[in-house]
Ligand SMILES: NC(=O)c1ccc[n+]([C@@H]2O[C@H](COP(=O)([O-])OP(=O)(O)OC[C@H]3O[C@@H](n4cnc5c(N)ncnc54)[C@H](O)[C@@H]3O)[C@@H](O)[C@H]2O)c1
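Shown next as structure tokens: one chain only, the form predicted alone.
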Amino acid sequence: MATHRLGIVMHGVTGRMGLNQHLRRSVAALRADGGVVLSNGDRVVPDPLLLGRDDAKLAAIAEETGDAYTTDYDAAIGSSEHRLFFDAGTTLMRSDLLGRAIETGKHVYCEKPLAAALADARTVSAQADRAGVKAGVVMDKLFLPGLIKLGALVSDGFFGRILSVRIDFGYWVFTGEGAPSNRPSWNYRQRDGGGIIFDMMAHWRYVLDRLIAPVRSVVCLGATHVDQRWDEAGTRYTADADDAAYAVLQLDGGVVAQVNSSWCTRVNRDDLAVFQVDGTQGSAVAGLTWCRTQSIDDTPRPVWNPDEPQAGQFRDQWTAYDPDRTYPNGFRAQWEQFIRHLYGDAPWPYTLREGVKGVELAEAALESSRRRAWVDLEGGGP
């Protein structure tokens, strides 16, 4: 059995997601466990080169992980020692960096949104197709235990005919006044590619397309509820990007999805993101790790009586679904799939073309918010 070294240029590891989920919990963890095992018994051991603009931050991370690092973009992207380029940096830089990596013959793997504009997303996707490189987009929500369970219920026909979906996502993001914000300041500036619509619609597109039905149209209202924030240096700035989005989407088969995304809400639900699917034969609600069901036979007949408190708790009338099964970290699981795909060992559905669809929905939602109107999508689901 052979061991293969996979050189990976990893851009964006100084950010929260790139560092924690992609480097520490995925690539470094896979290396520590001896690499990814292929179907023939061979192993692929990732060997990252950390790339970014902040030398001090890169040096500190490299000291922790033992990896090499550089601030020389041309040298890293042009390196013949690294056959894969991974990007988790800012959306504004992504399509250009991916395009440059593809020009050198590198395979590419990236966070979403794929690009800051639909035209750029389509361009880089077509470029990867022409070059014949293997390319993928992170679709981590599909690897959440809660959504894996929801997907199993859909496949089993538990819901009967699916009627509607409700997604409620968000939490309070502190302004940065007096204490650091819990999200980077660029998220709240339009000129830097910030905004919750562009950030989250790319997620909701693949979740709905792949778990429920293809998205066909959207009406969305974006809002900037908090317009004064403080950046990492403690400097006050005007936040002009949307920090909340309220959307209704029409899916194939008459399914309606209501999706609320907010960085200006305090959590009074069972998880930071809650997904509910209602069907003729049953309903299910899921968080990041858990899932609960209520079949038609177990559905109560509540009585509206505003003069007396409810005798029982509605949440107690649901049944935990597959509560004892454990799942690996979703980011790591998708990294393993992509590495096997690189070595011709596994199929790969999460292509750049799928990433284009996420940007399409984001742009349609922004257009809807500007026009206060429904906007149809050109593309369908998978």
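What you are looking at is a predicted structure, and each value in this text was computed from that prediction instead of being measured. One rule holds for the numbers: they count along the sequence shown, beginning at 1.
FYI, the form predicted together with the ligand isn't displayed, but the following is about it.
In the predicted complex, at least one heavy atom of Lys112 sits within 4.5 Å of the ligand. In the predicted complex, the ligand sits beyond 4.5 Å of every heavy atom of Leu272.
The closest non-hydrogen atom of Val138 lies within 4.5 Å of the ligand in the predicted complex.
The ligand in the predicted complex is not approached by Pro180, whose heavy atoms all lie more than 4.5 angstroms from it. Between the options Thr90, Gln250, Thr265, Thr293, the residue in contact with the ligand in the predicted complex by a heavy atom within 4.5 angstroms is Thr90. None of Tyr237, Tyr246, Trp172, Tyr73 but one reaches within 4.5 angstroms of the ligand in the predicted complex through a heavy atom, and that residue is Tyr73. Against the ligand in the predicted complex, the set His11, Arg53 and Pro184 is in full contact: each member has a heavy atom within 4.5 Å. Look at 212-220, 125-133, 138-146, 74-82: in the predicted complex, residues with non-hydrogen atoms within 4.5 angstroms of the ligand sit in 138-146.
Although the ligand is not shown here, in the predicted complex the stretch 189-224 places heavy atoms of Asp199, His203 within 4.5 Å of it, in sequence order.
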